[in-house]
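Shown here is one chain on its own, the form predicted on its own, set out as structure tokens.
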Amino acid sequence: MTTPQIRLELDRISKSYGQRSVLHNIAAEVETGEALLVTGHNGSGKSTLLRLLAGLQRPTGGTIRYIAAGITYSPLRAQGLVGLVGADVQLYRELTADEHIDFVARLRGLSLTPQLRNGELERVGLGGRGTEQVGGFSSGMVQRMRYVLALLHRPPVLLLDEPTTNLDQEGIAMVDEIVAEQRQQGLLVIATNDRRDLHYGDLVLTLDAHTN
């Protein structure tokens, strides 16, 4: 199945919590084949912006648009097009890796055989660990699981918040491959201040200059 061309438009996005302004008049565009790198000091709103793009929160002002095949979607309506990797993706300690995959697959309307399920785990270096409870995973393994769940439905939009957090060199190489694949079939938005991640983006949005 061919992935449709998709464009993401941020039009004067603002976000406030009470009297505290986190984002103010943010504007950017990114489309299939491109990666937008969001940088900024701690507290500048990087993670907040990704939550807005994922439809987990709503902006206080401005408009976020996903445009695919001539149809415009709000972030809430576009959730089927989006995969998110970040601390907001919480895993259940008592569930196994396989149970997490099955749960997300049902939510996405996907049907996976045991072979396909293990293939998803092998892709991120967790092959053969499907029957283990996530509560026994290291922080790096949990991060790998976040990639499994985010990529399960092959989203044309991938949002990565601090993408190499807790990963060893093999894990970072895995992210390199995922980023390269995503650029071929969709678009990326990456929020980070880690110098190792800065080469992933070709468009840069620095929030320090935009926030109050």
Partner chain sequence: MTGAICTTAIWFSRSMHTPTERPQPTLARASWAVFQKDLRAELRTRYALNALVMFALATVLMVSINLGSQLLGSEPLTPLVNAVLLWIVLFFAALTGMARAFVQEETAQTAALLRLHAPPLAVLIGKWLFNTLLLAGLTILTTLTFGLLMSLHVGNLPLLLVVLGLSSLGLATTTTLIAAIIAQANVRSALFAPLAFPVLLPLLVIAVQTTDLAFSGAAWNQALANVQLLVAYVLLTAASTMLLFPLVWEA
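Just so it is clear, the structure is predicted and the values come from calculations on it, not from any experiment. Positions refer to the first chain, counted from 1.
The form predicted in complex with the partner chain is left out here; the points below concern that form.
Only one segment in the set 37-45, 154-162, 168-176, 23-31 has any non-hydrogen atom within 4.5 angstroms of the partner chain in the model of the complex, and it is 154-162.
Although the partner is absent here, T72 is not a contact residue: none of its heavy atoms lies within 4.5 angstroms of the partner chain in the model of the complex.
Heavy atoms of M141 never reach within 4.5 Å of the partner chain in the model of the complex, leaving it off the interface.
By the criterion of a heavy atom within 4.5 Å, G80 is counted among the residues contacting the partner chain in the model of the complex. Not displayed here, the partner chain is kept clear of L126 by more than 4.5 Å at the level of heavy atoms in the model of the complex. Shown without its partner, the chain has E181, Q185 in segment 171-205 as residues with a non-hydrogen atom within 4.5 angstroms of the partner chain in the model of the complex.
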